[in-house]
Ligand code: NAD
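Heads up, the chain below is alone and in the form predicted on its own; it's given as structure tokens.
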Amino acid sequence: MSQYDQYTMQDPRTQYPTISASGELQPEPGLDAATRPRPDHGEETYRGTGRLKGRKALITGGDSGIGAAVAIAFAREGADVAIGYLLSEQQDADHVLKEIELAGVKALALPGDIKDETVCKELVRKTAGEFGSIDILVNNAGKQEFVGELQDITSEQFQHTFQTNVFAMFWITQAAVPHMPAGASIVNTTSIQSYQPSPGLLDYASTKGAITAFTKSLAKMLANKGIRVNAVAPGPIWTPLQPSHGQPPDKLKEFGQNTPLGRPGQPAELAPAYVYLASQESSYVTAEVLGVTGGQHLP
């Protein structure tokens, strides 16, 4: 893993190694603790500068992958952070909650399955109750399962993917906005799959297209409240989503090597994009999608 922080100049092609995964899969939803090689969330490298001091953040899927890196970065930038996650991911969540607390800010654990509308509303209620407001909302939790043939996609999978990736985003955002003051920021996790969908990710890519459209429409809807809405579109990022049936075993062995930079990204490389969009530095940025793709550019 990289030995440098996010400020040190270095060659992006070799900042992190290529992934040489075994191709062995783990059960959904996947754990960082069981992912080999271990993803880098910036535990040893991310340095904060107070860019989010005093802010109150809610991050779904904050236990692992991109969400974990964002939670750690937000905490080191001075924000109190609540993370939503599945109870089966408690091991990963405990690691992130500890990192948040080590940053000297408040950490709030919110286990629950966001496919349930009631759980979504409870996440918001508990966050607002504990923190007093929600200044940053990151809709990041996602379900991705590779299925190569159309006829093999079950109705249950299709529904669960949309419930997790789209419906939950709507329910949580709708509940959160009344607790968000002017100056607040919403950052959604879309994907390069919204623009360059892969065969085998039909339901996942469809949800990411919906998230992109949701982001742009919501930004215009909330502009008169002084709330900005943007999204980050990751390319191939090494997270537990990939080995927990998000990719077929044969693709795991060379995951991300077809990008112009020749390697997959690490969660730590996504965090600065979310910090930027959450901070006042992006005060004139709304309805935008920021690609972090290793060179597989967005349209």
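Keep in mind the model is a prediction, meaning the values are calculated, not measured. Residue numbers here begin at 1 and follow the sequence given.
What comes next is about the form predicted together with this ligand, which is not displayed.
Just one of 241, 58, 231, 52 comes within 4.5 Å of this ligand in the model of the complex, counting any heavy atom, and that one is 241. Note on the partner interface in the model of the complex: the residue among 126, 216, 179, 115 having a heavy atom within 4.5 angstroms of this ligand is 115. Here the chain stands alone, but in the model of the complex its contact with this ligand, taken as any heavy atom within 4.5 Å, falls in 80-88 among 98-106, 151-159, 223-231, 80-88. Among heavy atoms of residue 70, none comes within 4.5 Å of this ligand in the model of the complex. When this ligand is considered in the model of the complex, residue 169 lies well away from it, no heavy atom lying within 4.5 Å. Looking at residue 268, you'd find every heavy atom of it more than 4.5 angstroms from this ligand in the model of the complex. Residue contact with this ligand in the model of the complex: residue 46 places no heavy atom within 4.5 Å of it. Contact annotation for 127-145: residues with any non-hydrogen atom within 4.5 angstroms of this ligand in the model of the complex are 140, 141, 142, listed in sequence order.
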